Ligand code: GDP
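Only one chain is included here, represented as structure tokens and corresponding to the form predicted on its own.
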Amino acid sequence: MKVDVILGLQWGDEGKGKIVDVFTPRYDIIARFQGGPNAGHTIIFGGKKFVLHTIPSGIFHRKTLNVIGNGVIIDPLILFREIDKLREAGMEPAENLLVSRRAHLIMPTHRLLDAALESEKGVSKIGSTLKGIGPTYTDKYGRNGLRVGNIFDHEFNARYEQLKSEHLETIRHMGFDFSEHLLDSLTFDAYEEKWFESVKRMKDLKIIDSEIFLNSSLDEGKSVLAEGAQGTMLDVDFGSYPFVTSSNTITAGVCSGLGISPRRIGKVYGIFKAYCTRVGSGPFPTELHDEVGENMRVRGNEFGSTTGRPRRCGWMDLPALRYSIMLNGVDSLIMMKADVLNPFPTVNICTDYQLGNEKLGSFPFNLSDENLKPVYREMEGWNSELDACTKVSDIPAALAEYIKFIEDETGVPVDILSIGPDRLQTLER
């Protein structure tokens, strides 16, 4: 068996949680392969809304196992907030949740470091979620981090205190006053106390050697879906650097984030919105600063699942989409939030970038160049509601033409169309 992959092709927030939830009944195992609680995957069904930050989006299906892979970084306190909310809703996530012992831990001081670094950047800040993501990955690659498996070691507390001391010294050297800085409305001491309580609770979870478990499962014929977080345009190597996340969000990240050979990668599903959004700072060629962009934001409820910040909105960007498809080896496209564009009489698609006298059809090294302008193609909007559509043949002709244009431009079929937030508002083509 091979590992299928589902990931975002834009700047995150594409709707991955919903599609993973829809796909889960087809798989034995769902596995998150990178990122941390900076992710926010939203699932809506039965009139209830759930937002997951660390737990894979297949957790609502009891027969499917959910693995937090070694490439994920975990804040134990945030993890158990998620678990407790699911328990309040009548579920028992610990029954089908497995955690890699090689996953790294986000310490409270990682969050302080994140805030200090962002504050130091001033107007050049990258728009961090302040969840400690960057500093934790820094310690990981500096070979200085704490991993889930370490919580069982006798010297865990001593190693924690040593690393904490180093972090605080760095923060003081930066001149950042953290005495009144709150972590999720808690003082540092209160957050740290709850963090250690959560570490203790982690020992009751199913902690596994995830790379061995996943490869053995594939050998046994089990089906696995790898779930990505953030989006391709936030990849630390290939995204709009330096306004990116701290991990590899692309298909290649599945191999290192789960311990899977490249030969075991199967079908790659790429998710994108019918338009584009971005949270935080960074270049965004098709961003709209008018009432059209505001209409998209309101209709699409474009506010960050993790931060609550309003998302920047703009038209579809085909050069970026083609670039993402190339990087990920996408076999099948999934278009989300077509319903958000329902009221527009016309819609625009960026087909190329204009840089001086040169037309660029691909993603440039310096997306921040202020002389880079989008080249648009105007198309007829469907200008109608999609609520009554129960199959693809029901969709308006203008929407079908919009989809066909994207398929022709990318060379990849759009096999699934989402026309609303509920898991039932999903049409397979």
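Numbering starts at 1 and runs along the sequence shown. Given the structure is predicted, the values throughout are model-derived calculations rather than measurements.
Keep in mind that the form predicted in complex with ligand GDP is not shown, yet the notes after this line are about it.
Out of Ile74, Val340, Leu318, Leu112, which one falls within 4.5 Å of ligand GDP in the predicted bound form, going by heavy atoms? Of the listed residues, the single hit is Val340.
Answer with yes or no whether Pro364 is in contact with ligand GDP in the predicted bound form, where contact means some heavy atom within 4.5 Å. Heavy-atom contact with ligand GDP at 4.5 Å: absent for Pro364.
Close approach of Ser368 to ligand GDP in the predicted bound form, 4.5 Å, heavy atom: No, no contact at 4.5 Å.
Any of the heavy atoms of Gly40 lying within 4.5 Å of ligand GDP in the predicted bound form? Yes, Gly40 sits close enough to ligand GDP in the predicted bound form that at least one of its heavy atoms falls within 4.5 Å.
Is there any non-hydrogen atom of His104 lying within 4.5 Å of ligand GDP in the predicted bound form? Result no; His104 lies far from ligand GDP in the predicted bound form.
Within 4.5 angstroms, counting heavy atoms, which one of the listed stretches 64-72, 41-49, 393-401, 356-364 is next to ligand GDP in the predicted bound form? Among the listed stretches, the partner-contacting one is 41-49.
With ligand GDP taken in the predicted bound form, which residues across 1-35 come within 4.5 angstroms through any non-hydrogen atom? Asp13, Glu14, Gly15, Lys16, Gly17, Lys18 sit within 4.5 Å of the partner.
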